[in-house]
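One chain comes next, on its own, written as structure tokens: the form predicted alone.
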Amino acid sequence: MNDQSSIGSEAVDQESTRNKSTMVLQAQGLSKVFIQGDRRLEILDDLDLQLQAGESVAIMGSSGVGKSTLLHLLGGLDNPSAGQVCLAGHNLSERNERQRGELRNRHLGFIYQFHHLLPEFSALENVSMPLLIRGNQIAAITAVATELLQQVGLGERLHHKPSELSGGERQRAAVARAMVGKPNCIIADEPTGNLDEATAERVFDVLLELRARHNTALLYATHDHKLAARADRVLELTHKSLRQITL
């Protein structure tokens, strides 16, 4: 695995944002209510959360309790019923959908249980997508994406499509895609939930290594107590409440 300490200066530089404040992600009074006919379903109620640069936080909780809903709100993929989310100092509630998309592209990386790689594109092309959306130069994008794929152990699989990669390789490519823009924060929803235990640990090792290397905050939901225990903090989401626990 490549030991170089940077994925390249051509990636959009987030260092000025990091230096202004160590607070990367902050939620205050976050609530979410779904209306289904005459039924009012309260999923989250008045939750607060803070995430510092370089910090890792695991969220645990039973299936259906609202972990994915919480992550979607924190990532600006859905709007809260009440409360606000600030990403890198920007209040997402004060931004329109286009502006929220731009903030996500610059400051967030997402990893899901299923890799969501585009099947018609190679690993290199998939990892390059976030920077292509920004309009960066092709040569610079290729160099950055190639270096990052080398760092996650896929240097010899650059031109393989997802169908030609193993499950662990696909998820490592998804990690590289999430990291390619040097985001302030990675949000991961059961990132190893579709992998066997040994492969899950290898993928998670790669994620933690890159997180530490680039001082990126990491917020992840998991059912795996072993993976959760590797976080700086573990939060348990119960019925509408979020509390810190010790494993």
Ligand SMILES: Nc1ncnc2c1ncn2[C@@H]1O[C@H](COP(=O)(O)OP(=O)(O)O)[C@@H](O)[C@H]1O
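Residue positions are given as counts along the sequence shown, with the first one as 1. In this text the structure is predicted, and so the values were computed from the model without any measurement.
Here the subject shifts to the form predicted in complex with the ligand, a form of this protein not shown in this document.
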- Query: Within a 4.5 Å heavy atom cut-off, is residue 43 in contact with the ligand in the predicted bound form?
  - Reply: yes
- Message: Can you work out whether residue 214 and the ligand are in contact in the predicted bound form, taking contact to mean some heavy atom pair no more than 4.5 Å apart?
- Response: no
- Task: Although the ligand is absent from this view, report whether residue 68 comes within 4.5 Å of it in the predicted bound form, heavy atoms only.
- Result: yes
- Does residue 62 reach the ligand in the predicted bound form, with heavy atoms at most 4.5 Å apart? yes
- Stretch in contact in the predicted bound form with the ligand, which is absent here, among 31-39, 199-207, 176-184, 50-58 (heavy atoms within 4.5 Å): 31-39
